[in-house]
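Only one chain comes next, encoded as structure tokens, the form predicted on its own.
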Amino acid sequence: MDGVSYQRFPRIKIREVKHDYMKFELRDTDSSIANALRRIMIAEVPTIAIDLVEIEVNSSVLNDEFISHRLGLIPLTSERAMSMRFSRDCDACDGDGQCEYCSVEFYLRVKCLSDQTLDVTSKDLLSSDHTVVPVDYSDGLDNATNKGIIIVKLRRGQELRLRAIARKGIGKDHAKWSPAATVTFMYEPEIYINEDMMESLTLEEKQELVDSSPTKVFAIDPENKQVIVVDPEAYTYDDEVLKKAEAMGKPGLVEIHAKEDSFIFTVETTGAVKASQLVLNAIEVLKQKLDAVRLSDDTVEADDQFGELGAHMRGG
């Protein structure tokens, strides 16, 4: 497969979709596109996160910086992040980062008035925009026991009052803006069993071969007692089966190759955006990057043709 060039017309087949989980196949492309998509999902799809905290009163056991850091790491629903402006590019507030086009305000005012410890959680944050709120993890759970992400605990007389500004950002700048909990892909494996060589093994040797794999890739058919592949995608490229075959004096008994144009993706999000939306946003960001590269190539070509005149027309 070395040196093979693929046309850039990849296909996606969705296997499973949940709110914060997605599994899909990416085919008819190579690892450069697969890895670019993975890295963009982790580091370059924008979300909204708390970036500025102004604390008015804090008599809790945690200092201001600790609370500010915890607030920044609370995932916020970010469906409108793609349409928001980056604070540094916002002309409505001259880059101040405190206007409706590039930021969302949060307020928190809590005081403990009883002898029982009071949990201050993400549900105590009041947002100025109902579309940007802390992610709710209580779906399908007992709301009495799930009260949001704990920020701090207060005892009688302790108080916390603050104002926070959430802004658009990307994971490349800070992990708090990353929408992905994990994004992985693996080459789809192709597994071949040499049936003639397998016939020469005893049932005990076949079982040893099956057991040599740390994951359940192989099994013995109860009817004909032959080794079969039950789950090729469970193979982790550990080569244990190949080593076992060589130790048994049967090199070539099992052959395993990775399909270099087929990848299986697993995507888990923090809940800031849906898993399906994360993939779509990543594709959109990738398209924007490719457009920028194409524009850059056109600019170089124009400079070659028009020299100083082309640079002057761009203000260079």
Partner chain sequence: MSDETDSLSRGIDKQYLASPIKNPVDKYQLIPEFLKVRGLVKQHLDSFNYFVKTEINKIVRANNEIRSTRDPSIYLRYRDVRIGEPSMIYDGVTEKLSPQKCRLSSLTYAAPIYVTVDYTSTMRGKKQESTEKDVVIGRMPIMLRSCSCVLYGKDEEQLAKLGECPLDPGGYFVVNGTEKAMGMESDQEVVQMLGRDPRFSALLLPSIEECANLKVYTQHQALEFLESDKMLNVFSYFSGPVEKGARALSILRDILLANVPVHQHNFRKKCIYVAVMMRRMMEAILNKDTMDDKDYVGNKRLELSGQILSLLFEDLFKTMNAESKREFDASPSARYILYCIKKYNRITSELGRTLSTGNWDVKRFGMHKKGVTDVVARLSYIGTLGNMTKIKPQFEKSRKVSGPRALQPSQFGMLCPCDTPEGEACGLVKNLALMTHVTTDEDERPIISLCYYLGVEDLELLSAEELHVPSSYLIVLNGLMLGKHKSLQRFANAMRKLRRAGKIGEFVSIFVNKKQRCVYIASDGGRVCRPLVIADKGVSRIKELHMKELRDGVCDFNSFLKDGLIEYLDVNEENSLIALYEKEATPETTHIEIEPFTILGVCASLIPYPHHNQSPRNTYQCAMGSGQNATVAVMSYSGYDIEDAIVMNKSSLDRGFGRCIVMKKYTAICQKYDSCTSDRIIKPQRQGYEADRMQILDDDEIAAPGEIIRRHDIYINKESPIVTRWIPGTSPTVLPDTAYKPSRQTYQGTEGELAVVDRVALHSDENNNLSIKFMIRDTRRPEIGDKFSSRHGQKGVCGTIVQ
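Source: prediction; values computed, not measured. Numbering follows the first chain given and starts at 1.
Beyond the structure shown, there is the form predicted in complex with its partner chain, which is absent from this document and is the topic of what follows.
None of 207-215, 170-178, 227-235, 110-118 except one has non-hydrogen atoms within 4.5 angstroms of its partner chain in the predicted bound form; the exception is 170-178. Its partner chain is not shown here, but in the predicted bound form it comes within 4.5 Å of a heavy atom of residue 63. A residue is said to contact a partner when one of its heavy atoms sits within 4.5 Å of a partner heavy atom; residue 73 meets this definition for its partner chain in the predicted bound form. Although the partner is absent here, residue 69 is a contact residue: one of its heavy atoms lies within 4.5 angstroms of its partner chain in the predicted bound form.
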